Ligand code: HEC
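To begin, one chain is listed below as structure tokens, in the form predicted on its own.
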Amino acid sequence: MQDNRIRLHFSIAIFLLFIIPLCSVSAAPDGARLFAMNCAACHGDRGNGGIGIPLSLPDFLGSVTDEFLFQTIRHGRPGRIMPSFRHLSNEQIDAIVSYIRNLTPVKVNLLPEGATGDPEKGRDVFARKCARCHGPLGKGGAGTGVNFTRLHNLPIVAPGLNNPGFLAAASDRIIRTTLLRGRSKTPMLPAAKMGLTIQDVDDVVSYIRSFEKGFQQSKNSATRSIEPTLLTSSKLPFDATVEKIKRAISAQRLRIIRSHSLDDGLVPQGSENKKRQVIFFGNLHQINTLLAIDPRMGLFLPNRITIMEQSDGKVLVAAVNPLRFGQLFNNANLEYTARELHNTYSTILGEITE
């Protein structure tokens, strides 16, 4: 009996000394794994950039705080590819921040705060020295950062400064430090090399901060919910609907690329439903324009319209709603082109409902 008690106590001691600590360690968030799952697709496996900016650049990591990185992950960049990661816990984000810090271990060294600048003077300086890369309204450079949308010798697309996510994360000291020091291995030059004085920099910082005044108005006019598809019923039989749609596409000066059964490749050849057809159409200029704005648009190109006859004989015509593209990809630069494409779809579909 005594021996059994000794063995029991020994087993409990082993459990307390080894098993419980191991469980605690395994419960801690794994920053490398979380980065791979949530960040690497855009920022590269080692933070060397791609769709997202390079995170491993010493000048970047030396001029941003952990709080900047945390808030960037939490809130993202509305309208600028970078989504918000609100599903991650604070502990998980902290683990990702620690992993990013270790990509290129450098000491954070921010310059002191400057004098209060004049935003009106800063607007003029920004227009002369910054707008070429960051956009005339500070909304950021076009494209997404992959080689399809930028020159190969540029490792970064200029970020949006007139952005609620950026300004929620970046302090004035971070903005001022970046302006004064620049970012090596990117097009961002130090202020002195751009011919800017210390006062010019402080004026630009003040101007950039003034963008926040317009965010509340944008928030009040929040994006309305948009249906993901355009769906209508045709007044014509199936075959007549297909021909009418094709003529309407041609009338828009768009080329019909191909058409086939919706079941093509999904069922044995010869058993496709002839009353379910997809028509693909577009033109090279349109396709190149949309891909240049966001390569992920390749998921929806070329354009397509699906015609389906139901068992009751009713003919439905469906297409993706282009107005959803900007929301889906968090890319405000798609808005204008997507609206044009929506008008095209609406005109084509209108031909079979009149």
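Because the structure is a prediction, the values reported are computed rather than measured. Residue numbers here begin at 1 and follow the sequence given.
The form predicted together with this ligand is left out here; the points below concern that form.
Exactly one listed residue, out of Ser206, Gln277, Thr186, Ser234, brings a non-hydrogen atom to within 4.5 Å of this ligand in the model of the complex: Thr186.
Taking Cys133, Val108, Ala240, Ile256 one by one, only a single residue has any non-hydrogen atom within 4.5 Å of this ligand in the model of the complex, and it is Cys133. Stretch-level contact check against this ligand in the model of the complex with heavy atoms at 4.5 Å: of 269-277, 226-234, 246-254, 122-130, the positive one is 122-130. Within this chain, Gly52 lines the site of this ligand in the model of the complex, having a heavy atom no more than 4.5 Å away. The closest non-hydrogen atom of Phe215 lies beyond 4.5 Å of this ligand in the model of the complex.
Arg77 belongs to the set of residues with a heavy atom inside 4.5 Å of this ligand in the model of the complex.
Using a 4.5 angstroms threshold between heavy atoms, Arg324 stays clear of this ligand in the model of the complex. Taken together, the three residues Pro83, Ile100 and Ile156 all lie with some non-hydrogen atom within 4.5 angstroms of this ligand in the model of the complex.
Within 4.5 angstroms of this ligand in the model of the complex, the stretch 37-68 places a non-hydrogen atom from each of Asn38, Cys39, Cys42, His43, Ile51, Gly52, Ile53, Pro54, Leu55, Phe60, Phe68, taken in sequence order.
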